[in-house]
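Below you'll find only one chain, the form predicted alone, shown as structure tokens.
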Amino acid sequence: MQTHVQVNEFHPFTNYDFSNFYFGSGDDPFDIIHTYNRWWEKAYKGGYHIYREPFTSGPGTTVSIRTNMGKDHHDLLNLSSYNYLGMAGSPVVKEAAIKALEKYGLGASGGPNLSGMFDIHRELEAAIAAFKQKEACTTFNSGYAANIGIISGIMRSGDTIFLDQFSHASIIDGAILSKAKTVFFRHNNAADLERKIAGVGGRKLVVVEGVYSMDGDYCNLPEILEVAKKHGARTMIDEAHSAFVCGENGRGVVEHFGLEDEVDIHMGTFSKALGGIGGYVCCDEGLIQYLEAFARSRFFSCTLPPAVSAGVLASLRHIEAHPELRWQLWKNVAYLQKRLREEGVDIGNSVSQVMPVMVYEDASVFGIAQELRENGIFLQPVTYPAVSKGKARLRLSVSAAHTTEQLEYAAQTISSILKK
């Protein structure tokens, strides 16, 4: 448990982070806010201003930014967006969204069980289920909502959920909301899962991710599934960063390992490879029917805007018809990983389009990101609580739309600045 800060004058802002301001010392829940804001003023000026800066362009391979410090940057090489297949700004997607906007208006204006379900939503769900080769699908208005809704929708007090230690916050929050006992096992370590699940009775769920979003490595799915099945646990995979890009046909890491029919629950998002927003779950029809009644983050939320759903559907159909987009992405991934490693840049164990550029020191990562920006590259820093303390990094995302020239410039520039 982190202690709260009780000092009159702060040390340099890097001596503290968000964990120091989780608890307050007084009886008023607002007591901690003044202390936090005093730290934040220094942290903001010291580097944190680089967060929350608005784009003034779409999330393409280059972007324009209006900085929080009053400076505009134009045509920065964008290495921080999840637009893995370049679909966010695709004319095909825009046209479908515009037509749906003209037909349906802006929003769904209701929850899915009352007045918020449109034909375009059901069409999208049917298309995702067919793509994933599953019986049924239902959608959520974000990937975060999907994870908390799925996990808390099926697990209860007295049950046990087993999570990889690097699980996304939405998975952890879903477990917390379920009130089940949560047990963490070491990252990708089936032997540690075996030790912790052995002897545990009752209902059990093991949750993993296809591609881990901070390190870019694949989950050790074959061995983890073997352990889960041995102990009678159900399994769920979050394919937010792997659906539509991994596997021969883009059906995710489950397809990559040939284990599509072995995982019980398949979750993914529309905000990465498909360029939109929203989440989905694919599984047996009976479970979908149950989740549509008990996944509270779906039941009590307004449905996805019809225009977004139409755009996502058009994106899905386009990438199905054009597998060369996926091939180009992996060609780009191979090229940049090779060049970065040749230049001595530490990208950990990444095997995917997500690459950590390891810096380790929180005090350094903001300055490096700023210098990259001054050299025409938009690459955002990641620090605690998104990653462990002492594991600060720049998280790099590759797109099929990046050119070889852009990737070469990135490798040379990142290497040069890190060496300085």
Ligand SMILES: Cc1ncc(COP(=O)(O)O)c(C=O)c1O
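Treat the numbers as computed from the prediction; the structure is a model and nothing was measured. Note that residue numbering begins at 1 and tracks the sequence as displayed.
There is another form of this protein, the form predicted together with this ligand, and it is not shown here; the text below is about that form.
Residues within 4.5 angstroms of this ligand in the model of the complex, judged by any non-hydrogen atom, belong to 138 to 146 and to none of the other stretches in 174 to 182, 329 to 337, 138 to 146, 199 to 207. Put simply, A240 is close to this ligand in the model of the complex: some heavy atom of it is within 4.5 Å.
Interface residue remark: H168 is counted as part of the site for this ligand in the model of the complex, having a heavy atom within 4.5 Å.
A residue is said to contact a partner when one of its heavy atoms sits within 4.5 Å of a partner heavy atom; K272 meets this definition for this ligand in the model of the complex. The shortest heavy atom separation between Y82 and this ligand in the model of the complex is within 4.5 Å.
For the options A310, M87, I128, M267, the residue carrying a heavy atom within 4.5 angstroms of this ligand in the model of the complex is M267.
Here is the short version: of S213, N188, T160, S297, the single residue with a heavy atom within 4.5 Å of this ligand in the model of the complex is S213.
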